[in-house]
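First comes one chain, alone, set out as structure tokens in the form predicted on its own.
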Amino acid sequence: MEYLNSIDENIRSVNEKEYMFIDVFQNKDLFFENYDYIDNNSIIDEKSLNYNIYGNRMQFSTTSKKIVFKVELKANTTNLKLADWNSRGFDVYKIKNNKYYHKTVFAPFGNNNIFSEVISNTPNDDLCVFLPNFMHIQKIFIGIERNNTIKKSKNMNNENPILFFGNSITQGASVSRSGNSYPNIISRELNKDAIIFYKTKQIEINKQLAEKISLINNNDIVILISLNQYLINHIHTLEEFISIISESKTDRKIIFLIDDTSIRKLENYHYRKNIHNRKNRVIIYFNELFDEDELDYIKYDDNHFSEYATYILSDKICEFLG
């Protein structure tokens, strides 16, 4: 990896004159399946929610044997609890026969936000790059050797992306690299884009947000709700939230993920009594995914799931959405 002072600075590891550079954000339809979602946040007008502006992955295919990435990240917001290959990592896979094979991962370290990386490529491979989970990208250029071509991946299908609502667990905190958040694992397994809407601690569990989500059409939706003492004491709020979304008139599939691991010692899970699965709707309780002897090591810290738990959760979601 080579660190730069400016995105316009020439890199030393290759002769840039031998490469043609493409501005990814000026050619979104070449790299992204759902660039209309990427640019349009009218899916849900909720100022308290953030979302990944550029989606979770980009895809392309090129005849070039070398690929140069030139990237400028928005700011240095390194979190010591997060792996750099996750928070600011570019996780690269090749796709063959609808299967994803890990190729490499790269990320800048320290206070470096502008950098270049050169990777080897087998000509005409379909490539998928999962983008940083916690860093916005200001600019990104892809360089290919001159007299070569770059085109859309034949793996791109333009189906509606899966929408994920949640918090930093959904965003991918605690996983080892950006491609291993559960939305990104699911996107590989189902070969669909994932678009994440999140709030750092917890999405707002209220009637207004439920009504906005219920108006979304034709997208499968996964909603993570971290259960806490407030919601237990105001269980009617959670019941109403789930009920409004569940009763919306659409054939899309909706999953409610109830993270109840922090209260697993309660003898009576009374909050479950009025919350039931319905057609094309399912509620997944985290405690039910794991054996009792697993509960002590499914969390990385008090809040975030280990990668082991993330993969188990992803498999369960894929069973329903697949």
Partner chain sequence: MIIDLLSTAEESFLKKYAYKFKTDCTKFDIKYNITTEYSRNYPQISLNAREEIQVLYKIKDHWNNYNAKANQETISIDLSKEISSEEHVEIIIHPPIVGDLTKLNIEIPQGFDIQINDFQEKILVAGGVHTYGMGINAAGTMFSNIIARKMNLTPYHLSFLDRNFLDKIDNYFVEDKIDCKYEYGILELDYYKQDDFIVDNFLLKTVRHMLKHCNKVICWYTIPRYYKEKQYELFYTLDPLLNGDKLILKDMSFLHDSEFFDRCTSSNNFINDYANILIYKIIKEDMERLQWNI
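Positions refer to the first chain, counted from 1. Only a predicted model underlies this, so the values are computations on that prediction, with no experimental measurement involved.
Just so it is clear, the following notes concern the form predicted in complex with the partner chain, a form of the same protein that is not shown.
Candidate stretches 249-257, 23-31, 64-72, 287-295 - the one whose heavy atoms come within 4.5 Å of the partner chain in the predicted bound form: Within 4.5 Å of the partner lies stretch 287-295.
Heavy atom of residue 102 within 4.5 Å of the partner chain in the predicted bound form: Result yes; residue 102 sits at the interface with the partner chain in the predicted bound form.
is_contact(residue 230, the partner chain) in the predicted bound form, heavy atom dist at most 4.5 Å: Outside the cut-off, so no.
Contact label in the predicted bound form: residue 159 to the partner chain, heavy atom within 4.5 Å: Output for residue 159 is no: heavy atoms all beyond 4.5 Å of the partner chain.
Residue 82, heavy atom within 4.5 angstroms of the partner chain in the predicted bound form: Yes, residue 82 sits close enough to the partner chain in the predicted bound form that at least one of its heavy atoms falls within 4.5 Å.
Heavy atom of each of 174, 188 and 299 within 4.5 Å of the partner chain in the predicted bound form: So, yes: the whole triplet contacts the partner chain.
Sequence-ordered list of residues in 297-315 near the partner chain in the predicted bound form, where near means a heavy atom within 4.5 Å: Read in sequence order, the residues that approach the partner chain (within 4.5 Å, in the predicted bound form) are 297, 299, 300, 301, 302, 306, 307, 308, 311, 312, 315.
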